[in-house]
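Only one chain is shown below, in structure tokens, and it's the form predicted alone.
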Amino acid sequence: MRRSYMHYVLAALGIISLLAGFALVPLFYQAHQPIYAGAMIVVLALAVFIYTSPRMYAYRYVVPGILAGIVFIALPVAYTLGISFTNYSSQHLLSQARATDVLLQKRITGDASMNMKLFSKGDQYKLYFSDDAGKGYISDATPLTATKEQHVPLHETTATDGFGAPVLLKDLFKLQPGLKQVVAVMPDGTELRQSSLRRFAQSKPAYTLNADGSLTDVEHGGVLKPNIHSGFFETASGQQLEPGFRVNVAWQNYWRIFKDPAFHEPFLRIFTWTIAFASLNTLATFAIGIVLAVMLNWEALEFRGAYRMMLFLPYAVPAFISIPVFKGLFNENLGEINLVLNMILGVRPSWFSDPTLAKSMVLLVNTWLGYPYMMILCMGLIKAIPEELYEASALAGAGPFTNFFRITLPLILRPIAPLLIASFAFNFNNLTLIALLTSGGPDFLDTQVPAGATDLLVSYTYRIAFQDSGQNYALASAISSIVFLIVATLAVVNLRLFKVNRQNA
């Protein structure tokens, strides 16, 4: 059987993808992720079996879609759900083992402190120390190339020269990585570490690790135990030590959303506004879109092509350009909209500081951006309505309004209903509009958590996770999970509508 060039191209792409997949296996091992490495081997073995076995021929076309669904939907959702049951935040970024290591690396400075001079001797260096009383200590020649701590013994000396060529300041900067690894050991056993460019000071570990996993405070003598509920090492009096570590907090984040007034008050307000925003925008864009579609479908209208092109332009300009332009137009002091309103009506609305006006502005801008999509959809659906219906209606003496409400609208509503639900879901998560136009403002003045009048749930979540609410990733994940359930419910409704259409077909 003669094979086409496309067949060989696809085979070559498959081999390249297979080799790329195998190349990831050792990388996962080097990153100490053996589970991912094993999973990659299993996936590659399945791929080879599916794309080489004749019995699996039918599955070759659905496997990429299934993998895409797993990678881009199932895994992120599972990861988000997993985080929502932890205390993951800017204070609890590390695992308990890593947080313990960080605390064990902390050091406290002692009383001993001396000036340091560096002398070169070939490719090695001598360190000369002198205290405030003028007493000197010198080290043997040693290289400064270690990447780990190296202990360098010091010997008392009365000489002040003859150690080699002094290192210039510009070279001293280059030797900093090696000097930071030097632990100078005094004759009495005192250890000195670099505290500044030319000074070494006594330092010792701030904490020591005990057999039960607790830490002992070397300076004060207290014991700090890890609290698996708060995610901190705590003293007997409850004092917490940062950094914290991640622990499982079960449903605590979800309870905070609905029980803690600091969170559930802005959450309920924002949830209500999100529903209203998505509903009003969907209805407004559909209403404007269908009216314009009916008008552009009027045979007697001249220059319909020009009108259609002009009305389509808002959809052709990217939102990342349109929204900042509108932000400038609505500027309260220099915006053209306020200049015109001031000239005609003598008013300068506070679009960005008044909650009601800010919401109105958001609705206006998003309606402008969204109506062309609905107009195009409705124009296509109107074309599918048989002309005989309008001719029969005309013979019966019906007017344009009767035709619209009795023929056009009923016949369009059923096929466009799933798209309206999809539009509602899109507006429900319209982070781009809020982030570029108002950033969620104006902010509520009576809430503990930063939240604004125009914040949608998705922007509220973004602010909690990445901006001004302590970077609480776990709480943001809990809110994201709730948003996902709402959107998933809409998807189920959408699928049921498709099912109804299929049964009616």
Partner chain sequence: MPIVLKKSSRWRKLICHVGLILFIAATIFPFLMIISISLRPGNFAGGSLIPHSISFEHWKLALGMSYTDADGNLVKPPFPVLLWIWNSMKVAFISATVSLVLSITSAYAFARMKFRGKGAMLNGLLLLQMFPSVLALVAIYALFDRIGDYVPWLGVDSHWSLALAYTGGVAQHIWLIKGYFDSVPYELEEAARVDGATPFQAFIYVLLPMAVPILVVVFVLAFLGGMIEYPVASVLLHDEQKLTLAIGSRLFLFNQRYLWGDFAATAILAGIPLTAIFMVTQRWLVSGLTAGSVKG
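Positions refer to the first chain, counted from 1. Remember, it's a predicted structure, so these values are computed and weren't measured experimentally. Here the rigid core means the biggest group of C-alpha atoms that line up within 1.5 Å when the two forms are laid on top of each other.
Absent from the display: the form predicted together with the partner chain. The rest refers to it.
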query: The unique member of G164, P177, G213, G328 whose heavy atoms fall within 4.5 Å of the partner chain in the model of the complex; finding: G328
query: The partner chain: the contacting residue among A146, I385, M295, A112 in the model of the complex [heavy atom, 4.5 Å]; finding: M295
query: Location of the partner chain contact in the model of the complex, chosen stretch of 128-136, 363-371, 247-255, 199-207 [non-hydrogen atom, 4.5 Å]; finding: 363-371
query: Heavy atom of each of V102, L104 and P226 within 4.5 Å of the partner chain in the model of the complex; finding: no
query: Proximity of H264 to the partner chain in the model of the complex, heavy atoms at 4.5 Å; finding: no
query: Any non-hydrogen atom of P324 within 4.5 angstroms of the partner chain in the model of the complex; finding: yes
query: Contact of I66 with the partner chain in the model of the complex (heavy atom, 4.5 Å); finding: yes
query: Contact test in the model of the complex: Y462 vs the partner chain, heavy atoms, 4.5 Å; finding: yes
query: Stretch 197-226 - residues with a heavy atom within 4.5 Å of the partner chain in the model of the complex; finding: none
query: L485 C-alpha moves between this form and the one not shown by 2 Å or more, core aligned; finding: no
query: Threshold 2 Å Cα movement between this form and the one not shown at L445, rigid core reference; finding: no
